[in-house]
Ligand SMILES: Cc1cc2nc3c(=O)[nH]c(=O)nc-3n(C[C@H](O)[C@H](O)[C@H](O)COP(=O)(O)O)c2cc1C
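A single chain comes next, written as structure tokens; it is the form predicted on its own.
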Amino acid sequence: MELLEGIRTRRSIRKFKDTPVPRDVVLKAVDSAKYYPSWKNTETARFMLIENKDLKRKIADCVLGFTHNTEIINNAPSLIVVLTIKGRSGYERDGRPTTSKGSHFESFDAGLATQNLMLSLHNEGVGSVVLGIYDEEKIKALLDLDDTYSISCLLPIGYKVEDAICPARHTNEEFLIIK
């Protein structure tokens, strides 16, 4: 698939087939994700692949009452938890913030890596959707994660049941401000 075609055709997929995503497909996507541009080349994004159905169900129960998101996670064959190493992106090595944005760059960098991952998965026919409403502390406890990490998002993945419709997009005149 050509790059621009992949960017234009990737959609958020919320309904998945029961077919597992082969581990080699996930590893290929992770390999692509590593090439994201990061703050001072800190490369703080990490991915945790959850294939265990029991653990996935426990994580799905941590979406703060958003039952649709619970269903999406439970019906996806796999879940990727997008992690960020805290206190490095946007900061100097001694811990001082380099920018007024502070920890904002942690999620920004994780978003860049996640977009690469999602595009690579899309290229292999695997759909995904970014979920951002969850109880981070409960999920970190389930995954035995310490305060070194923050969770940037949850990413259910799998083969799509149906095509998703592309919603209307802003015009270039609305999207681009020129001064």
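Predicted, not measured: the structure shown is a model, and the values here were computed from it. Residue numbers run from 1 along the displayed sequence.
The form predicted together with the ligand is left out here; the points below concern that form.
Novice: Wondering, does Leu131 line up within 4.5 Å of the ligand in the predicted complex on heavy atoms?
Specialist: Yes, contact at 4.5 Å.
Novice: Does Arg23 reach the ligand in the predicted complex if we count a contact as any heavy atom within 4.5 Å?
Specialist: No - in the predicted complex, heavy atoms of Arg23 and the ligand never come within 4.5 Å of each other.
Novice: How about Ile72 - does it come within 4.5 Å of the ligand in the predicted complex, if we only consider non-hydrogen atoms?
Specialist: Looking in the predicted complex, residue contacts with the ligand include Ile72, since a heavy atom lies within 4.5 Å.
Novice: Could you confirm whether His170 comes within 4.5 Å of the ligand in the predicted complex, counting heavy atoms only?
Specialist: No, His170 sits far enough from the ligand in the predicted complex that none of its heavy atoms falls within 4.5 Å.
Novice: Would you kindly say which of Lys40, Lys34, Lys53, His68 lies with a heavy atom within 4.5 Å of the ligand in the predicted complex?
Specialist: Contact check passes for His68.
Novice: Counting any heavy atom within 4.5 Å as contact, can you tell me which stretch out of 23 to 31, 123 to 131, 139 to 147, 42 to 50 lines the ligand in the predicted complex?
Specialist: Checking each option against the 4.5 Å cut-off leaves 123 to 131.
Novice: Heavy atoms within 4.5 Å of the ligand in the predicted complex is the criterion; list the residues of 1 to 39 that meet it.
Specialist: Those in contact are Arg10, Arg11, Ser12, Arg14.
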